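Heads up, the chain below is alone and in the form predicted alone; it's given as structure tokens.
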Amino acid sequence: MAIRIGILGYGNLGRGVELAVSKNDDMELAGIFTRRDPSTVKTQFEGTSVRSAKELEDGKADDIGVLVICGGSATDLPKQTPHYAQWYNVIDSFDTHAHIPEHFAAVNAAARGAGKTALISCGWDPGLFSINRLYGNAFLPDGADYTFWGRGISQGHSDAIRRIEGVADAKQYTIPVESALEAARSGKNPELTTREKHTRECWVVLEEGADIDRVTEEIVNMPNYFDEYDVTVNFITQKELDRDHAAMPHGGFVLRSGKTSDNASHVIEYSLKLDSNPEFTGSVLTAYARAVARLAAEGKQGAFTVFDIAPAYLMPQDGDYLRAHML
């Protein structure tokens, strides 16, 4: 039986999940759920069901196997994920690293109370990069971690800017400092501050009459997003943003540098180069939605992270196939 996927939110990430579901034969789309008028939403595939988010309340949409929640981490997911975990098996891409423990606790309480299964903070960071940090620490306990993002557009940081009063639209690029990246690759385990590793570049469209100085101040001092970085804020028109910043590339590097003896140093490096951040993140969420469905079928309840998921749970093939073709 196909896993029936519901998508809550139809922005860039929701469209990425829709594309990913279409490429997995063991899944089908139960519907896209939106806070907008469903009749105004144009989907990528003819015949896709668009439904009101109100249908999700009280568990009324009982044809959903896993609900993929595609809201922003700044204000949507802290409320939405624990709310919908009362009625559905859920997965999200919450990416505010500093608040993951409290988000996990809230979702875990809701899911356990309802006998449901939830997976939080799933994507490529947190997500795939998190797994590689864990592997690196396990294999090289005497060492140091380094994570670099970009150059690329951060959906979470862009969304955080768009939530500021007076901002009509925005894109934010995360840019690794090349000298810091090369220092991490050297195997010498340099100590690098947050500010030394990345810069952040913001392109912002203001609403008419908005205060430029106030918006700039709110961006550069935003906790957990911009306050620890060197930030450049550029103000442009919507036409310029659409023309010059429509693509959504991203990527990055995770490194673990360490020693197994006084004479043997090692560097583990994992990297991603993405043409479309939301499409790739949507593909990761979709694979892990398969794992959520399997955990739920096994009676596992509460919240989980990518650390708790065996790799085989991500694949549609069985163990015999994986051992013969991928081991």
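Predicted, not measured: the structure shown is a model, and the values here were computed from it. Start at 1 and count along the sequence shown; that's the residue number.
Although it is not shown, the form predicted together with another copy of the chain is what the next lines describe.
- Checking 301, 48, 276, 34 against another copy of the chain in the model of the complex, a heavy atom within 4.5 Å turns up for just one residue: 276.
- Contact with another copy of the chain in the model of the complex, defined as a heavy atom within 4.5 Å, holds for exactly one of 56, 29, 267, 296, namely 267.
- Annotated contacts: 100, 260 and 284 all touch another copy of the chain in the model of the complex [non-hydrogen atom within 4.5 angstroms].
- From the list 126-134, 84-92, 233-241, 160-168, the contact stretch for another copy of the chain in the model of the complex under a 4.5 Å heavy atom rule is 126-134.
- Taking non-hydrogen atoms only, residue 141 approaches another copy of the chain to within 4.5 angstroms in the model of the complex.
- Residue 2 falls outside the set of residues with a heavy atom inside 4.5 Å of another copy of the chain in the model of the complex.
- By the criterion of a heavy atom within 4.5 Å, residue 12 is excluded from the residues contacting another copy of the chain in the model of the complex.
- Although the partner is absent from this view, residue 185 contacts another copy of the chain in the model of the complex, with a non-hydrogen atom inside 4.5 angstroms.
- In the model of the complex, the residues of 299-327 lying within 4.5 Å of another copy of the chain by at least one heavy atom are, in order, 305, 306, 307, 308, 309, 310, 311, 312, 314, 315, 322, 323, 324, 326, 327.
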